[in-house]
Every structure is written in C-alpha cells, then in structure tokens.
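Below you'll find only one chain, the form predicted on its own, shown as structure tokens.
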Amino acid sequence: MTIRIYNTLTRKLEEFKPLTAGKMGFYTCGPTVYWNAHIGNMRTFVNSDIIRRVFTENGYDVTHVMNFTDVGHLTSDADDGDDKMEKGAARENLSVWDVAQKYINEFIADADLLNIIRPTHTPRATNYIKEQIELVQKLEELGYTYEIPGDGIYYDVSKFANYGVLGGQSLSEKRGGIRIDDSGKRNSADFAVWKFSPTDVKRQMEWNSPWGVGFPGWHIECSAMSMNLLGEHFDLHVGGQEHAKVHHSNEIAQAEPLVGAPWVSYWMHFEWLMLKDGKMSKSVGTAYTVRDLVERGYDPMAYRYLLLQSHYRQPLEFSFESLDASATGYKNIVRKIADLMNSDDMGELDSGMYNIWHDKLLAPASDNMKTAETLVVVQELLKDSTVNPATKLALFEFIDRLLGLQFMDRAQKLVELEKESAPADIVAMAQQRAEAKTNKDWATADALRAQIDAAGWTVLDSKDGYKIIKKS
C-alpha cells in the first residue's frame, strides 16, 4: 500500500519513496535524560512507534534509531545556561553518569507501559564523542566554523545558503544581523559544535579534543549518531515540532556540507500535548508521567488510545476528563472483544473478508498516520454483523500490531477474570445490592458496592442484571 507523509521540508503531503527498496531507516530525537519524560514528551515517542508499525505492516524492513542525550544539552537553545545533565546531577546529588542511567531506565519503563516497540538502536551521546569530534574537524577543514576564545567552536550559518529552510525562515531572518553584544558570535543563529570546559568549574563530563578540553554541542550529537547508524543519507527524521527551527535546522547545516543534499529525504514533526492553561511544566507540578497515570488507576493503553484519536500534526489538549472518556471508550472495545472470545458461534476465518477489512484499516494509517480514522474503521468492524467472530478476532490481532493498543491482551485478561467465581459472601452482597436497588435504597446499594470493591471484586450492571468479576 502507498504510504504518504507530510514532509516538513517541502510543506507537502508526499508519497514515500525509499532510498533502498523494501527498507526504511529513520531517526527520532530522543530524550535528554536529566529528568523524567512527561506524558507530553511521550506523545512524540508514541507517534514514532506508529510510524514504525505502519511501515512494518506495509512490508518494510525498518531500522529505527532513537538517541539518549546525556551531555551537551544546555538550558537554552542559544548555547548558554547550564548543561541540563550537570544541573540534574546537582539536583539529585548523584554523578552525571548515575543520573543518566536512572532516567534512561525510567524512560524505558514508561515506554514499555505504553507498548512502544524498543528502537533498533538507542545510542548515548557520550558513546559517540570520537565521531562528533571528527565531524567538527571536517566542518573546520571546509571553513564552516570559527572559534570564540574561552567559549567554543561555532558554526557560521552564513556559510550555508539553505540555512533555516526546514523551519520556514530565510537565512536573513535566521541570521538576525551582526550581534552588538560581546558574545563573539558573528550571527545570532550561529551555534556551538564544541564547547570549552569552564576554567572555574570542574565538569563531570568533558573530553580532550584538538581545541582543548570540552564537550560537544547538543546539535552535533544527533548528526554523528544518525549518520553512523543509518548511513550518510537516510529516509526519515522525526521529532517534536519545536525542533524544526533550531535543532533540526542545525543538524542539516552540519551534515549537508559533508555528505551532500538532501541528507534526509523526509522530515516529520509532531505537535505538542497541551494543558488548558498551556504547556506541561515540571516546576508547577503538571508534568505528569505515565506512572503518575498508573498510580491514579488508569490503564496506560487508555492514554495511548487518547493520543491515537488525534492527528500528530494537531495540538492535543490533555485533561483528566478527556482521559476518563478515553478510558471508557477503550474499555468498551475490550468488552466487545471479550464477548467475541466467548462467542458460541465462532465460525472460521473468512480470508476474503479479512483482506477487505485489513486494507480498510491500514489505508488511513498509511495516509499520513491518520490513526483517528483507523479507529473509526475499528468501530465499524465491531458493528458489522456480516463478519464472524473468528475473522474479527484475527483482524484485532492485526489492529494490535498496527496501533499497539493491546486490545486482545486486555480482552483475554477480562475473559479469564470473568471465569473466576466469586466467593459466597461476595455473591450474597451482590444479591443484597440488587435487592436494595430494586427497592430504591440507593444508600445501602452504594455501601454494598463499596464493600465488594474493597474485597477486590466489582459488579458490572447491565440491562440483563449484573456480573461479578475479579479486579485486575
């Protein structure tokens, strides 16, 4: 099936054409591991996961690289401020290396909860210092860099004619003219490719280089790691929309003088997850993690389901009300699949019907990752009485591969829970509750439900009566 994606570089929806037939290599800008990734950050990685799944289900052999930034990312894109990793180490009274490993582990745990397939390669910036130094040397030899004494080696954006095109700005707009302060930059958009260690503070992460002891700039890391693991030219580069104007523009400027243009064929950028009052913030306590949601009783798949009901190019407002609605919708689908599993008239797999619905489900996801439209088709499939349970269940196995929502896993667990018989005292309380409801004694009914819940069981009411199931 043809795959189309919106290419940030051209501002067009384009048919994907791989550099190598049957293969697709892509790079995701990963987290800076100085703190937990919040659920807004995780939207990027769920979107990356969907890209991988869509290409895989279309028959591509996918190589996915996602980095861990563990050095060089300063608190400002303007090459000043503290190194985020050093700042994190000071906050937690740990070594930088221990902070990095701690938050790498926590990121992986959150990604696993969201059923994100682990990337093919997850390089750490500190393991590619040699490659980064070599890139800076090559840029220096070609005349693209200059030194600011006591500060570092900087890239001169005036030497790269197409600088800023990815972010939709001309070179003159990005350069901003000659700086009038004492920073030493030739142009305001110039950026560090190697920073010198300060003379008055001992850094935990620093290395010898041809220019003295220091550490790499943030932007050079991704260029070095992606080219090392995906080759000098590769298919797709993705990340949050905030990266287009600075970080990714800088990556292009570093790479294309060395390898030629285009360095990357397609660029995709994901919009933010927002709160009603703005961006999520660690400082004000609104940067919820996946584990925060779990501790509040939510299935991580309910959050993934919420994300997939929107398009990656549209901002998404998060609230616990919207998550509650998503959780209800997700549970309703799981309930219907469990009912299919319990069907007395399963039938046999209808390959013709399977193929028709397979393509109906895959088509919108292949058209610029329109997962919300695929989920509409999921609902249509559930309602179609001409498709037998065996065929629907086979299609849900495909849906889980495509969307990663673990519908079949959750439905199977529900079936197993419902097979477990409640003890006599729980059955008696459920019957008493039903009688209290009949008598409109709501206080007694609510009190009995609370007792049943506290004992690890729950009562599901329906038009036909009620069921007692064990809590998962």
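Keep in mind that what you see is a predicted model, and the values were worked out from it rather than measured. Note that residue numbering follows the sequence shown and begins at 1.
Beyond what is shown, the protein has a form predicted in complex with a small molecule; the following relates to that form.
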Inset, instruction - Decide yes or no: are Tyr155, Gly164 and Asn250 jointly within 4.5 Å of the small molecule in the predicted complex, with each residue judged by its heavy atoms? - result: no
Legend entry - Interface membership of Gly40, the small molecule in the predicted complex, 4.5 Å heavy atom rule: yes
Legend entry - Pro123 within 4.5 Å of the small molecule in the predicted complex, heavy atoms: no
Legend entry - Contact test in the predicted complex: Lys84 vs the small molecule, heavy atoms, 4.5 Å: yes
Inset, instruction - Determine whether any heavy atom of Glu242 comes within 4.5 Å of a heavy atom of the small molecule in the predicted complex, and answer yes or no. - result: yes
Inset, instruction - Within 4.5 Å of the small molecule in the predicted complex, counting heavy atoms only, one of 323-331, 208-216, 267-275, 133-141 shows up; tell me which. - result: 267-275
Inset, instruction - Answer with one of Phe407, Phe68, Tyr60, Phe45: the residue that has a non-hydrogen atom within 4.5 Å of the small molecule in the predicted complex. - result: Phe45
Legend entry - Candidate from His358, Lys185, Lys159, His73 lying within 4.5 Å of the small molecule in the predicted complex - any heavy atom: His73
